[in-house]
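Have a look below at one chain only, the form predicted alone, in structure tokens format.
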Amino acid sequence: MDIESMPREQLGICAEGNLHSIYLMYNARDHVEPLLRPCLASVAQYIFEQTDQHADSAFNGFVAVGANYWDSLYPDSRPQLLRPFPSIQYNDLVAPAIEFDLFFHIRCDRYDVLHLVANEIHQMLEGLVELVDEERGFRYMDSRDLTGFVDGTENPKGRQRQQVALVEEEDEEFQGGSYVHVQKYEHKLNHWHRLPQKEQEDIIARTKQDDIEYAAEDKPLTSHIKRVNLKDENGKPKEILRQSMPFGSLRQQGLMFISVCRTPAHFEDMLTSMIKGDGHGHTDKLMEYTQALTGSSFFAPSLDFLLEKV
């Protein structure tokens, strides 16, 4: 397929980082699908237009449909690899699955613009859905997680972001779409901050201040980087594009972890490696200091798909 006929992606999927974010999780009311399809198309088009209107503050966003709701909304076709979130438990480590019907992900460098757009989206959906969860994220220091370590260092750069995140000819109807996984992690910061810095660095396998990754031979088998930097049978990295941001208040704070990828397998393999480990008892030690509260699987189709399926 030539570049001219490629479906238009939703621009928030591969966008660079922002200062602020809002995450909205909705469940649809019963039997609203004939009204919801055109409404979703309108919301996606609105988000697309706001990207131009607020280009000076780098506004972007996307709409994604839950794995368990997809067939109700679009019964005629389904992304080949779309499946529910993999609930995993191993000893004391748990990655729960809590599915939602719709996910709206919007980000901007101006909080007021973001708030205005979120209100508009909510009004456009009125009567069709129920808001189940809302979180507001923010950039912390120089793009660090609340643990104090730089987040997203491993992310693909430039054009490679599209190559990692977007479905291509392997599923032609869903080209330009992306498999999305969302987990809300609550950090146990009181415990984390009591650790000596060197112990924190060993858990991550990266220096805290300078963000320098440990040499391969120095990475503990239980370190976070060792558990998530996986390769396939040909030695090629199993990459994802992370669109995560810190969130929260004094009551509860942590990371909204968001993975976008052309296949769900890379994220699923990483999660299994973190929770179940390598089969020899080496699980991700970082999981002792943070807890996944949710786990949801979505597909963010191309803008053109949403506009055509009204």
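Keep in mind that what you see is a predicted model, and the values were worked out from it rather than measured. Residue numbers here begin at 1 and follow the sequence given.
Keep in mind that the form predicted in complex with protoporphyrin IX containing FE is missing from the display, and what follows is about it.
query = Heavy atoms within 4.5 Å of protoporphyrin IX containing FE in the predicted bound form: which stretch among 101-109, 134-142, 116-124, 227-235?
reply = Going through the listed ranges, the match is 227-235.
task = May I ask you to state whether K208 is within 4.5 Å of protoporphyrin IX containing FE in the predicted bound form, using heavy atom distances?
result = K208: no contact with protoporphyrin IX containing FE in the predicted bound form.
request  = Would you check, heavy atoms only and a 4.5 Å threshold, whether A41 touches protoporphyrin IX containing FE in the predicted bound form?
outcome  = A41: no, not in contact with protoporphyrin IX containing FE in the predicted bound form.
query = Is M274 close to protoporphyrin IX containing FE in the predicted bound form, meaning a heavy atom pair under 4.5 Å apart or at it?
reply = Result yes; M274 sits at the interface with protoporphyrin IX containing FE in the predicted bound form.
Contact flag, R161 vs protoporphyrin IX containing FE in the predicted bound form, heavy atom cut 4.5 Å = Heavy-atom contact with protoporphyrin IX containing FE at 4.5 Å: absent for R161.
key: Listed residue that, although protoporphyrin IX containing FE is not shown, lies within 4.5 Å of it in the predicted bound form (heavy atoms), from S302, S21, T290, S296   = Only one listed residue qualifies here, and that residue is T290.
task = Using heavy atoms and a 4.5 Å cut-off, decide whether E154, R242 and F267 all contact protoporphyrin IX containing FE in the predicted bound form.
result = Answer is yes for this spot.
query = Counting only heavy atoms, which residues in 165-196 are within 4.5 Å of protoporphyrin IX containing FE in the predicted bound form?
reply = Heavy-atom contacts within 4.5 Å come from Q183, Y185, H187.
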